[in-house]
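Encoded as structure tokens, the following chain is the form predicted on its own, with no partner shown.
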Amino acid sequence: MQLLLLSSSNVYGYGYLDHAERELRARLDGRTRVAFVPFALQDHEAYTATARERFARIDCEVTQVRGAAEIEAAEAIFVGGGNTFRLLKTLYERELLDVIRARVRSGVPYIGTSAGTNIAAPTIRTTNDMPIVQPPSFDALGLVPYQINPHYLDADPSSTHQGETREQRLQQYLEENTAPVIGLREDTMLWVDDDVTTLHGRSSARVFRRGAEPIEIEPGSVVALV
């Protein structure tokens, strides 16, 4: 499998996906037909237009996914960010999870940002999103064996907010679940080749395991989760 899992498509100081252009080009490796899954946002046409304009700048043609045919014909798959619950619900409704999973496991590159990164994990239980709709299950693509928390934020010691921090919420997840979690800060991404995951980007990431203290991993590091 060949995956590129971004924390975000929009990073401060950069245009849409500009911070990851090098990784996008490398992951696509000359492939030019990209199937875009726009279901995490309501306006599929506008979202597709945004993706189409950006990928045209790296000489790729974007086709909007409406059903299985676009997935089957694609040389690469890009799943955009937005609301993870809405994305997963639509994928269930259109019966596309198995189609995407099969194509990616056969070697078709998968690029995800935010919600698109969330659904590469076994479940969406570590998304930050509000459950605005109810998918039939939280089970997702399961392309990687760990959970992901995009847009990971560290606690601000100067803040007067008394609610739970992101770290506390992920520790609560691990009270009920065993799969480890990678907290991806902005401007970080996971480069996955089969069962090897490497951190790319300009920031460190935070790894959470049940019964252990969180650890930091630096860009360029292989993520060892056992």
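Please read these numbers as outputs of a predicted model, since none were measured by experiment. Sequential numbering from 1, following the sequence displayed.
Note that the form predicted together with a further copy of the same chain isn't included here; everything after this is about it.
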query: Non-hydrogen atom within 4.5 angstroms of a further copy of the same chain in the predicted bound form for each of 32, 64 and 122; finding: no
query: Interface membership of residue 151, a further copy of the same chain in the predicted bound form, 4.5 Å heavy atom rule; finding: yes
query: 4.5 Å heavy atom contact, residue 85 to a further copy of the same chain in the predicted bound form; finding: yes
query: Proximity of residue 59 to a further copy of the same chain in the predicted bound form, heavy atoms at 4.5 Å; finding: no
query: Partner proximity in the predicted bound form: residue 199 to a further copy of the same chain, non-hydrogen atom cutoff 4.5 Å; finding: no
query: Heavy atom contact within 4.5 Å of a further copy of the same chain in the predicted bound form, the stretch among 24-32, 66-74, 160-168, 48-56; finding: 160-168
query: Within 176-199, the residues that have a heavy atom no more than 4.5 Å from a further copy of the same chain in the predicted bound form; finding: 176, 177, 186
